[in-house]
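Just one chain is shown here, as structure tokens, and it is the form predicted alone.
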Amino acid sequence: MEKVTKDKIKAGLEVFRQLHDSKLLTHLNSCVHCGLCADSCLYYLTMKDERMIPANKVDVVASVYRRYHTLAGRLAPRLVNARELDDATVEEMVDLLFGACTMCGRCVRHCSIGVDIEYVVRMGRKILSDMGYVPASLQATVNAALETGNNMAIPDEEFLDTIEWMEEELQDELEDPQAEIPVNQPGKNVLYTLNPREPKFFPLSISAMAKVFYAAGESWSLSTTMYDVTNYAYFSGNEEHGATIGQRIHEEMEKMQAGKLVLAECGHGYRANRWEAPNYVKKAFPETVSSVELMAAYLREGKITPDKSLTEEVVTLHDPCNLVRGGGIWHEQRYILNRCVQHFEEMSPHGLDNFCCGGGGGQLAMGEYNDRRLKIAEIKAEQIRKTVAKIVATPCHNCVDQLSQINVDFKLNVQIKTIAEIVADSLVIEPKSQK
């Protein structure tokens, strides 16, 4: 780690000075260290390291504030646990705020007085980002999105080759040469986004959603200019980078003249675009919905017809933190599964109280903390094992990645599927000639 300099300290402290309201200060001063948040945290439950209790993550940020912005902190720092923003403090902040938190928000639900611990962690990450201390692998992911338009730096030619391949597969499956995965077609009802992990590693999830669109008779298109649903600047804490990425999607919506923006299955992608991006860019976004919401609407409106007998295995559901606790979407995926599979078994706990898979908060992008990420995954593995499910559904590609590793490491012998894949597997589609 580079040494902390006066300029870096000044940049970090500026975060406190730039605040236009008292939200951060309120939460920094509200924690009473009751410890109730401890049992909500994957890191503490797994490692029993008191440093990793969420209240201590709040306190490391609060201690810096006290040192520079309170009289007691300036005059008697040891007495009030006020800390200099020096090498040791920065190193601990990086370790706790980046390396020991998935920003899942479960601790917020269990806080006795409602401290928004996740928000404090985000602001702590912003301090570190402004000082230049974002873990290298996470920053590289953000840089790739800024420089190439997608976080995996996929060239347009490679992307289009994958789309063409998936379109051919779709046509073969549907026995309809007119079935398509449209690209760069303006004036459609839906501009659809993807997680770059789909064209790179999970292309079948693209054709699954295309099959759903086909069955619903939807007017839609992808865009080669801006198809990336993710915004890893939400995890790095750099709001300028977050605004740049958010603005690109806004501009692409206007250029494509699409009716609404539909976000692929990505927990933080939904939160970053639906709730955070308008704040980043300081303007209202067009209608923005998750593909999960859209599929649930198709089912309710009778636009698609499922046959739940086509999926006989027991299916369980992993709820992505940013979609559920951070986005309020948790009824829709249950409605879909109850319509599309025979046997749906909930994890315990589930819904708003579900445990993170361990891959959130940018953890999947930070190779520096892989050992911790897989260690805390044991809790999710046990949740899955107790359901006796053979299929784990989740509406998030980051979760798909983490769950896939959990599946191998903990020998669960399950299939990991997106909600779109579950829906596509259940669809009853009449041949074109019979419509």
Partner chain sequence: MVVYNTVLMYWFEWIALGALLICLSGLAYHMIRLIRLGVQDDYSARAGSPVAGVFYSFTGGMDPRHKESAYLNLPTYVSGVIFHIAVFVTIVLFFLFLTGVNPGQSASLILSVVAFSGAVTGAGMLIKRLRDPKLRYLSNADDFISLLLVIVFLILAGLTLLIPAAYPVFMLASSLLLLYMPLGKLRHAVYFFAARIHLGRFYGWRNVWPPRKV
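Here the structure is a predicted model, which means the values were calculated and not measured. Numbering follows the first chain given and starts at 1.
The protein also exists as the form predicted in complex with the partner chain; that form is not presented, and the subsequent description refers to it.
Student: Residues in which of 366-374, 383-391, 398-406, 34-42 have heavy atoms within 4.5 Å of the partner chain in the predicted bound form?
Tutor: Every other range fails; the passing one is 34-42.
Student: In the predicted bound form, do 25, 106 and 110 all reach within 4.5 Å of the partner chain through at least one heavy atom apiece?
Tutor: Checking in the predicted bound form: 25, 106 and 110 are all within 4.5 Å of the partner chain.
Student: Using a 4.5 Å heavy atom cut-off, which residue among 259, 186, 328, 132 comes into contact with the partner chain in the predicted bound form?
Tutor: Going through each option in turn, the one that passes is 328.
Student: Name the single residue among 209, 121, 324, 294 that comes within 4.5 Å of the partner chain in the predicted bound form, judging by heavy atoms.
Tutor: Of the candidates 209, 121, 324, 294, 324 is the one lying within 4.5 Å of the partner chain in the predicted bound form.
Student: Indicate whether the partner chain has at least one heavy atom within 4.5 Å of a heavy atom of residue 61 in the predicted bound form.
Tutor: Taking the distances in the predicted bound form, the answer for residue 61 is no, it never comes within 4.5 Å of the partner chain.
Student: Quick one: is residue 155 in contact with the partner chain in the predicted bound form, heavy atoms, 4.5 Å cut-off?
Tutor: Flag for residue 155 set to no.
Student: Applying a 4.5 Å heavy atom distance criterion, does residue 65 contact the partner chain in the predicted bound form?
Tutor: Flag for residue 65 set to yes.
Student: Could you confirm whether residue 308 comes within 4.5 Å of the partner chain in the predicted bound form, counting heavy atoms only?
Tutor: Result no; residue 308 lies far from the partner chain in the predicted bound form.
Student: Need the contact residues for 36-72: heavy atom within 4.5 Å of the partner chain in the predicted bound form, sequence order, or none if there are none.
Tutor: Stretch hits, in order: 36, 38, 39, 40, 44, 50, 51, 53, 55, 56, 65, 66, 70, 71, 72.
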